[in-house]
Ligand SMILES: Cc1cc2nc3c(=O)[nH]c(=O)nc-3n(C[C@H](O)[C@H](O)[C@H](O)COP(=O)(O)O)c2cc1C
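Here's a solo chain for you in structure tokens, the form predicted on its own.
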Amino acid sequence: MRSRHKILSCIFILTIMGATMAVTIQLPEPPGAEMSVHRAIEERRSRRGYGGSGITLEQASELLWATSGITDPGGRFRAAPSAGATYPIDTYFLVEDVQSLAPGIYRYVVQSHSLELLVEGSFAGKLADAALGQSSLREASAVICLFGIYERTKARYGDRAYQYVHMEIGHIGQNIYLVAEALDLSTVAIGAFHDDRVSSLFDVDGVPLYLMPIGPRAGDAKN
């Protein structure tokens, strides 16, 4: 059973816009992890096996911050480099078993380090079906879903933007790998899926590029 003892650490902000109520969950400060960068690189693996105990809100905070979180007081720099600071990658968080979060699909809001609930419900099975039935997506506690919006970078760099966006998704993916390793969690970068089916499930702007399931450590490591 999911622990509820820290649910009061979340701040729920309800904003009413017409008939729509948006729910925003303020994430705790990223707690950091006690592992050297050298050791995290050395021990990094693609881990497709997941335990059944879920992950904490603090772990989710650290992982999401590693995708594109702000790293300086002035808000000018982020956790991963971006060509021309165009930041074409949007992060979504599909939750199945995360402490203090209802199952659903969330958008990571970089500027406030918070999550905006887009739709509540369990979607891991549908996401796995859209990704050729890969069981790691079905069994994970959550999935970090990275979408690329090429137009943000094309406005500055033209067609060269395609290379730059793909470079950036690689930077972010490695950040997630290393943080997961440092937190003793499992993850694997998944790029095999039906783009149209994943896009239909999320119904957001951009093109799905990476799906990274997250869960407690268990099972196999392949590469």
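So that there is no doubt, residue numbering starts at 1 and follows the sequence shown. It should be emphasised that the depicted structure is a prediction, and the values quoted were computed from it without experimental measurement.
One more form of this protein exists, namely the form predicted in complex with this ligand; it is left out here, but the text below deals with it.
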property: Contact segment among 22-30, 156-164, 54-62, 41-49, judged by heavy atoms lying within 4.5 Å of this ligand in the predicted bound form; result: 41-49
property: Listed residue (L183, A189, I176, V198) with a non-hydrogen atom within 4.5 angstroms of this ligand in the predicted bound form; result: A189
property: Single option in T86, S100, S114, Q134 placed near this ligand in the predicted bound form, where near means a heavy atom within 4.5 Å; result: Q134
property: This ligand contact at Y210 in the predicted bound form, heavy atom, 4.5 Å; result: yes
